[in-house]
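Just one chain follows, in the form predicted on its own, and it is written as structure tokens.
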Amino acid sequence: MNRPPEPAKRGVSLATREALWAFAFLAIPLAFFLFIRIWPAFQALWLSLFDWHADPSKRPFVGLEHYEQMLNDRLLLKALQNTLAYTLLGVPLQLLLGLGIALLLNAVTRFRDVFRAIYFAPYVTPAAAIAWVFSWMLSPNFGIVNEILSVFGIPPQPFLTKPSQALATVTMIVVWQNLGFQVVLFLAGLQNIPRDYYEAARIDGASNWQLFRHITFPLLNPVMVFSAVIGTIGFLQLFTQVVNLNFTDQGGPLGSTLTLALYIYQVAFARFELGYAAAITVLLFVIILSITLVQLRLLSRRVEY
């Protein structure tokens, strides 16, 4: 005897309940992100339209005056040039060294974790501590680096006190500190590439360069995009190392290491022009957003191998 079909149970289906739980868990980090990231950005935009006063009701509205002021600010132009120079020098160097070391680590099977830990250690070390150690090591008077150079007959180098050397020196220190993070990213990307691709290509007689050119490099594209974007944002926001490497002349010598982030800090808390500092913050936000979107557009591509 056939039983009559059971009526459909009323209520929320399992798929709907899972979706609701997913939205509930996503809402928590989304609210945190909006409160920590987005809300301050709008606050900076609003504050940039006023002259600063501790009492919000007494802040005079100046409109776009602060943005017009930026056009004639030579120190801001210097900070912008330096920040772009840091990014153009540091990001490609960081990617090349990170990829190269990751390829070498991927080729060895023994002590790989030891090497990875050694390279990653500077990344988890406080940037201020690293800056202070390097400021001592690179001192032209008693730094160990100049002591080593003197053994080879090279005169002491003013790494951090000469404008022509200071920016490159700071860039190298930042690249060295962030190198471990890049190595870990590239190594993870390399280990996720299926070995079958390499074996099939070797059977067809592909050389090591052809394996890298047609398999490794294309399949590492997502890692490269992520590394390039993260590295670019990091250099555009460079602050701690510059402040601590030359504590008595922050941004010096002669403004050769001044960055946009450091200039915002000086305008806000040394000159107490918080409205103008907010306008520069908006400029930095627009630069970071624009460069990130361009990078994603140029670097994100369909993988063909």
Partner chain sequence: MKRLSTFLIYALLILGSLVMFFPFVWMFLTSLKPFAEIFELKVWPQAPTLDNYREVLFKTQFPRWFLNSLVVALITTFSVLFFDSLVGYALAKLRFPGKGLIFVLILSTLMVPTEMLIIPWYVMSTEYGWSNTYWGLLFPGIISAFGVFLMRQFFETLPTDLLDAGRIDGLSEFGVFWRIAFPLVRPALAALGIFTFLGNWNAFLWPLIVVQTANMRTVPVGVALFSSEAGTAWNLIMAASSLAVLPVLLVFLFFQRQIIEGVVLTGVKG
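Just so we're clear, the structure is a prediction, and the values are computed from it rather than from any experiment. By rigid core we mean the largest C-alpha set that fits within 1.5 Å across both forms. Residue numbers count along the first chain shown, from 1.
There is another form of this protein, the form predicted in complex with the partner chain, and it is not shown here; the text below is about that form.
Asks: Whether Arg110 contacts the partner chain in the model of the complex should be assessed with a 4.5 Å heavy atom distance threshold; does it?
Replies: Arg110: contacts the partner chain in the model of the complex.
Asks: Against the partner chain in the model of the complex, would Glu147 count as a contact residue? Criterion: heavy atoms within 4.5 Å.
Replies: Yes.
Asks: Consider Ser135 of the chain shown here, and say whether it contacts the partner chain in the model of the complex, taking contact as heavy atoms within 4.5 Å.
Replies: Within the cut-off, so yes.
Asks: Is Ala200 close to the partner chain in the model of the complex, meaning a heavy atom pair under 4.5 Å apart or at it?
Replies: Taking the distances in the model of the complex, the answer for Ala200 is no, it never comes within 4.5 Å of the partner chain.
Asks: Taking Val124, Ala277 and Val282 as the candidate spot, are all three within 4.5 angstroms of the partner chain in the model of the complex by heavy atoms?
Replies: All three within 4.5 Å in the model of the complex.
Asks: Report the residue, out of Ile38, Ala270, Leu254, Leu64, that has at least one non-hydrogen atom within 4.5 angstroms of the partner chain in the model of the complex.
Replies: Here the answer is residue option Ile38.
Asks: Looking at 183-191, 79-87, 209-217, 163-171, which lies within 4.5 angstroms of the partner chain in the model of the complex, counting heavy atoms?
Replies: Only one stretch qualifies here: 183-191.
Asks: Within 4.5 Å of the partner chain in the model of the complex, which residues of 28-44 have a heavy atom? Give them in sequence order, or say none.
Replies: If the 4.5 Å heavy-atom criterion is applied to the partner chain in the model of the complex, 28-44 yields Ile28, Pro29, Leu30, Phe32, Phe33, Leu34, Phe35, Ile36, Arg37, Ile38, Pro40, Ala41, Gln43, Ala44.
Asks: After a rigid core superposition, would you say the CA of Leu293 moves by 2 angstroms or more between this form and the one not shown, or not?
Replies: No, Leu293 moves less than 2 Å.
Asks: Quick one: core overlaid, is Trp209 moving 2 Å or more at the Cα between this form and the one not shown?
Replies: Shift at Trp209: below 2 Å after core fit.
Asks: Would you tell me if Gln81 moves between this form and the one not shown by 2 Å or more at its C-alpha, with the rigid core held superposed?
Replies: No: Gln81 shifts by under 2 Å between this form and the one not shown.
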